[in-house]
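Have a look below at one chain only, the form predicted alone, in structure tokens format.
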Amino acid sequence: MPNYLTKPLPDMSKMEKRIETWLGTNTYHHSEFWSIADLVKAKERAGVSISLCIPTLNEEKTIGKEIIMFKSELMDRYPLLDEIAVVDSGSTDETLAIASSFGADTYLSGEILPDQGFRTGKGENLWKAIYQLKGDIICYVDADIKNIHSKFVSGLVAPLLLRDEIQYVKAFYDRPLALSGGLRPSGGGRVTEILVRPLFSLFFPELTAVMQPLSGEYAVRREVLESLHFPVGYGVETSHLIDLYVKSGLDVFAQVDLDRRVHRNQTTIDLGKMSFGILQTFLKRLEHNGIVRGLPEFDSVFRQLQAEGKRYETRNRVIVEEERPPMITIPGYRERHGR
């Protein structure tokens, strides 16, 4: 029998105290950063630049509103952002044309670092953005948000501007915080609560303090992003949290409550595909970080069942969580950014 567990279990009493302390010091509500003018002053004092990346694939219905909001509020009215960029996987609708018409820089992921080839997946866009964008801080925001607001950027970059020790800031929404308006619905997304939080509870209990580990909105310092591995598919956010936590601990993270996020919901079938990819990434990160050893080779076929009347059949999909290396290891990146 292979010996999978190689590290002792933590002292849970100390763990609970650590989590409670972190929740009190590193969890914010966006209203604490209501003054964008003050954030601009903090940005100037820090001497940093900020880039916004919006990864896209066929988002023509919402991308225009996002660009208008961020450009008018965070570039024209307040110079918090230095660039707004759309990095696209190959949309077949009007996503790129609309984004460009409203003032965003637009890039095809496949044309960035062409010598590195192209992979399909959101994580690929996020990785390529590190090369293409200029900012000392990069903020990622998904393109399908229907209730878009400037807080989706200003709220996330604020802890980085105000606290030098913070390196990675995650968003969460509709989560259990007792505010002046009362308690809001509890729990993370379905995949978070059914898969990721149980896995974190088993292997990284402190990371259970992150309200929504799979949220697509986060802001990160460049020197951190360039050092991280990037799964090109569903596992990119989970991979980031594990690798940075193992390297630097919980205190380099912060999270910001953005109240509410309205977007399209995925089907249970699609959530199953997502979970399969995340689980692959999770197991690989355990082995990469020396937490387990001797894992067997994974089967990359995800098998689902469907029924139509009295007819039953399997529905198989090959899902392989390919991984990009840290961007700092790419010679073209080091040359472009003088690293």
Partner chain sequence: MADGADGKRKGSRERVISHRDALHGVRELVLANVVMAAEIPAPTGSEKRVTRFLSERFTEAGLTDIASDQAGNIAGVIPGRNRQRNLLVAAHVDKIWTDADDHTVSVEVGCMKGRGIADNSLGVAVLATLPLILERLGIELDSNLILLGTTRSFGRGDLAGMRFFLENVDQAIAGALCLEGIELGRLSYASPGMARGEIRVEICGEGEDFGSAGAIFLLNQILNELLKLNEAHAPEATILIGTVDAESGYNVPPLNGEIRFEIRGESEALVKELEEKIGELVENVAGQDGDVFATLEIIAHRKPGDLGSDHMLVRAAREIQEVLGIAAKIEPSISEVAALLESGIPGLTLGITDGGSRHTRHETVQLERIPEGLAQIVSVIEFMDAELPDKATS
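Nothing here was measured: the structure is a model prediction, and the numbers come from that model. Numbering follows the first chain given and starts at 1.
Although it is not shown, the form predicted together with the partner chain is what the next lines describe.
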Partner contact check in the predicted bound form: of 45-53, 287-295, 23-31, 62-70, the stretch with a heavy atom within 4.5 Å of the partner chain is 62-70
Quick one: is residue 247 in contact with the partner chain in the predicted bound form, heavy atoms, 4.5 Å cut-off? no
Is there a non-hydrogen atom of residue 136 within 4.5 angstroms of a non-hydrogen atom of the partner chain in the predicted bound form? no
Is residue 78 close enough to touch the partner chain in the predicted bound form, meaning at least one heavy atom pair within 4.5 Å? yes
Heavy atom to heavy atom, is residue 118 within 4.5 Å of the partner chain in the predicted bound form? no
The partner chain in the predicted bound form: within 4.5 Å of a heavy atom of each of 275, 278 and 315? no
Residue (of 161, 113, 196, 98) lying close to the partner chain in the predicted bound form, criterion heavy atoms within 4.5 Å: 98
As a check of understanding, the residue in 94, 259, 83, 144 with any heavy atom within 4.5 Å of the partner chain in the predicted bound form should be identified as 94
